[in-house]
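First comes one chain, alone, set out as structure tokens in the form predicted on its own.
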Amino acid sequence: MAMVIETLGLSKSFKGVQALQGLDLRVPEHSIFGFLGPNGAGKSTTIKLLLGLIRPTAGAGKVFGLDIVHETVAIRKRVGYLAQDPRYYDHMTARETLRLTARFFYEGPAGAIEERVNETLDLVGLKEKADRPIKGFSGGERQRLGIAQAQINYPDLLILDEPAASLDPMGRKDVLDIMERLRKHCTIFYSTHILDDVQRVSDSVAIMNHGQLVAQAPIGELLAGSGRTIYNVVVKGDGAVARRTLEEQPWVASVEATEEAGQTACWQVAVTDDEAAEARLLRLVLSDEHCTVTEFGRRRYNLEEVFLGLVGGEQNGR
């Protein structure tokens, strides 16, 4: 799989303070990549390094195979960027704003620029408000305009810094929907502190803490947890015999009842052999005629659980 972003030992210090330490990052092409971490984790520093706004103290990085120090102008031609708090000339309309931005990238006829502006307004759902002053826009509409502005030049990589921060649920949904629509056109690399959003749209995730990378994996792999596989089994009736049968299996490490209510019990079954568990675990429980299985499946972790476990329970933020 082709990589759009690759860093090797990328580091940055400011007046002796290490903001980023030995970052090895790999962002696959045409993915939505979530970049997470608490305050001071090094997310904004990384973005500035990738855009060539600051120079690394050590290590190296490439975007599209181009060096982030020596080929930064070529990189920026292929990148769209949305700052966390985009600013506009509020007296201008959305159409005028995009027209102004587009003129930095297009030298052809005015008709071609207008076509791109209309196409972009439609993409972000601002066509009906295109000719209204921006000062009357909601927070979500301003963010959508920011995304439109960032991708007016058909970028191969879109870097979004907290694109859904401070938005209400509807505004967040609008922004996430746009990101999903843009996936087929470009790679999206975005920083955020809203874990639910990451779990919804991201293909891969990297988690930073104190300037260091503490996890990087496809979202499914990250949510599957590590170490022993755990199955959740909810049984109704007298499951004593079935539970003893499971505990006697050499590939079952433990069976813990996490909650019981009347005739219903929820077991967490930790296994050491995934293949044996897949083939036999459910069959063994079902063989006990005194109980009924109402729920069964491998445990999937919530991203918040994974995040807090990796960063030591620190408050998540930017």
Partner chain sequence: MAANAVLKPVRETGWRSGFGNLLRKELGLWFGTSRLWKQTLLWTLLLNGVVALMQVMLRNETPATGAPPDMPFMMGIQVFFSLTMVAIPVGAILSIQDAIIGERQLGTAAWILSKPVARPSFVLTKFLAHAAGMTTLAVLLQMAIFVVQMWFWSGGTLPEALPMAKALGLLLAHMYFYQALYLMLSTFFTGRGAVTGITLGLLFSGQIVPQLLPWTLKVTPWFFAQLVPGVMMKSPVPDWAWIPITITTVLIPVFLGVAVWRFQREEL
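Positions refer to the first chain, counted from 1. Think of the rigid core as the biggest set of C-alphas that the two forms share within 1.5 Å after superposition. Just so you know, these numbers come straight off a predicted model, no measurement behind them.
In what follows, reference is made to the form predicted in complex with its partner chain, a form of this protein that is not presented.
- Judged by heavy atoms within 4.5 Å of its partner chain in the model of the complex, the contact stretch among the candidates 200-208, 103-111, 165-173, 233-241 is 103-111.
- Site annotation in the model of the complex: the residue of V214, M92, A217, L223 reaching within 4.5 Å of its partner chain with a heavy atom is M92.
- Residue-level contacts in the model of the complex: of H70, H290, R55, R283, one residue has a heavy atom within 4.5 Å of its partner chain, and it is R55.
- For the candidate spot formed by R76, E115 and Y154, every residue has a non-hydrogen atom within 4.5 angstroms of its partner chain in the model of the complex.
- Contact annotation: R87 falls within 4.5 Å of its partner chain in the model of the complex, judged by heavy atom distances.
- At least one heavy atom of K48 is located within 4.5 Å of its partner chain in the model of the complex.
- Not displayed here, its partner chain is kept clear of F137 by more than 4.5 Å at the level of heavy atoms in the model of the complex.
- Its partner chain is not shown here, and in the model of the complex it never comes within 4.5 Å of any heavy atom of T229.
- Residues of 9-38 that come within 4.5 Å of its partner chain in the model of the complex, judged by any heavy atom, are K12, F14 in sequence order.
- The Cα shift for D122 between the shown form and the other one, taken after rigid core superposition, is 2 angstroms or larger.
- Superposition of the core reveals a Cα shift of less than 2 Å for C186 between the shown form and the other one.
- Here I134 counts as shifted, since its C-alpha moves by at least 2 Å between the shown form and the other one after the core is aligned.
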